[in-house]
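Presented as structure tokens, the chain that follows is alone, the form predicted alone.
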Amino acid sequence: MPSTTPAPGAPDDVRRIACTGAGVIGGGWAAHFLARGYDVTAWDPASDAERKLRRLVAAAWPALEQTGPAAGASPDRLTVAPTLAEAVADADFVQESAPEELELKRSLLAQLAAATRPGVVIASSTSGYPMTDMQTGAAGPDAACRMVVGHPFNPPYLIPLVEVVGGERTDPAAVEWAARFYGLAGKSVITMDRELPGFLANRLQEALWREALHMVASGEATVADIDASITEGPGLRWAFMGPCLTFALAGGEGGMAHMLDHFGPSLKSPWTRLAAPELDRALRDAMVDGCAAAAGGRTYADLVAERDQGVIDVLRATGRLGGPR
């Protein structure tokens, strides 16, 4: 769609961020932005919001000091505004983190669009709602077009990932701007080219979670067994190498192509209650080509060495392996 958004300042010109909603996620965002050297103005309608927010930031700060805060970063750069309008009046960027209720988010985003300066990008921390569904209440040419999803993971001040995607009425320039800003703010950004309920990581988490619930409900495993099966198994690899490259290594030097040709028939086995897609040529090629791109020129031996060292590092860091730290 053509741009209808007044040009915001450059992402690296952002100085003040407004965090609307100051619960666990909104407060975590505030702590992250403070540690990156921004001024933060927060607002939350709860009567005890300021006390809880400052307590959350104080609790997070020792961990943030270990991650290397930016020059001049300080919890003292946090301001709590009495009204939403005051919170966003001079904000260069807005992070909305209200409770996960669709009508509430629609109303709040519309209010934010009306209260912010023209061109200021507004990001929602929603964990599953498409922006298309949330931006319906925004009116005027400079409203919905600057709304994006900026989905974090708890705690936002430590987990790097943020998923960025716009809605049907979002200007692509706003998505690009938000992705660039989050990168400058120290986040690891996935910019999605289409909306998907639950986005990427939550859909993968949800598949695992639902299978776990099935196992417990059917008496097939205990909660402790399920957690240990991840923390002592594939979770050690997932900390630094995702499931696709991990499975590619299962194919040896033949990589993902050999793995799919060898283990592809097991997709028809009842290993999960999820239905498997048809492993046709297009899907096979997409997986093989995707793994080759992800490997980035690293050989099978390179990847094995990287995996092995990563597992050792994780085991050592979590106190499950002896030897020097």
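Keep in mind that what you see is a predicted model, and the values were worked out from it rather than measured. Residues carry their position along the shown sequence, with the first being 1.
Below, we refer to the form predicted in complex with a further copy of the same chain, which is not included among the displayed structures.
Peer 1: In the predicted complex, do Arg16, Ser47 and Asp171 all reach within 4.5 Å of a further copy of the same chain through at least one heavy atom apiece?
Peer 2: No, the candidate spot makes no contact with a further copy of the same chain.
Peer 1: Can you check 142 to 150, 84 to 92, 171 to 179, 221 to 229 and let me know which stretch has heavy atoms within 4.5 Å of a further copy of the same chain in the predicted complex?
Peer 2: Selected range: 221 to 229.
Peer 1: Of the residues Ala115, Leu249, Val164, Met134, which one places a heavy atom within 4.5 Å of a further copy of the same chain in the predicted complex?
Peer 2: In short, Leu249.
Peer 1: Is there a non-hydrogen atom of Leu78 within 4.5 angstroms of a non-hydrogen atom of a further copy of the same chain in the predicted complex?
Peer 2: Result no; Leu78 lies far from a further copy of the same chain in the predicted complex.
Peer 1: So in the predicted complex, does Asp302 come within 4.5 Å of a further copy of the same chain, heavy atom to heavy atom?
Peer 2: Asp302 lies outside the contact set for a further copy of the same chain.
Peer 1: Ala257 versus a further copy of the same chain, in the predicted complex: is there a non-hydrogen atom within 4.5 Å?
Peer 2: Contact with a further copy of the same chain, no.
Peer 1: With the cut-off set at 4.5 Å between non-hydrogen atoms, does Glu100 touch a further copy of the same chain in the predicted complex?
Peer 2: Answer yes; at least one heavy atom of Glu100 falls within 4.5 Å of a further copy of the same chain in the predicted complex.
Peer 1: Quick one: name the residues from 225 to 241 with any non-hydrogen atom within 4.5 angstroms of a further copy of the same chain in the predicted complex.
Peer 2: Counting only heavy atoms within 4.5 Å of a further copy of the same chain in the predicted complex, the contacting residues of 225 to 241 are Asp225, Ile226, Asp227, Ala228, Ser229, Ile230, Thr231, Glu232, Gly233, Pro234, Gly235, Leu236, Arg237, Trp238, Ala239, Phe240, Met241.
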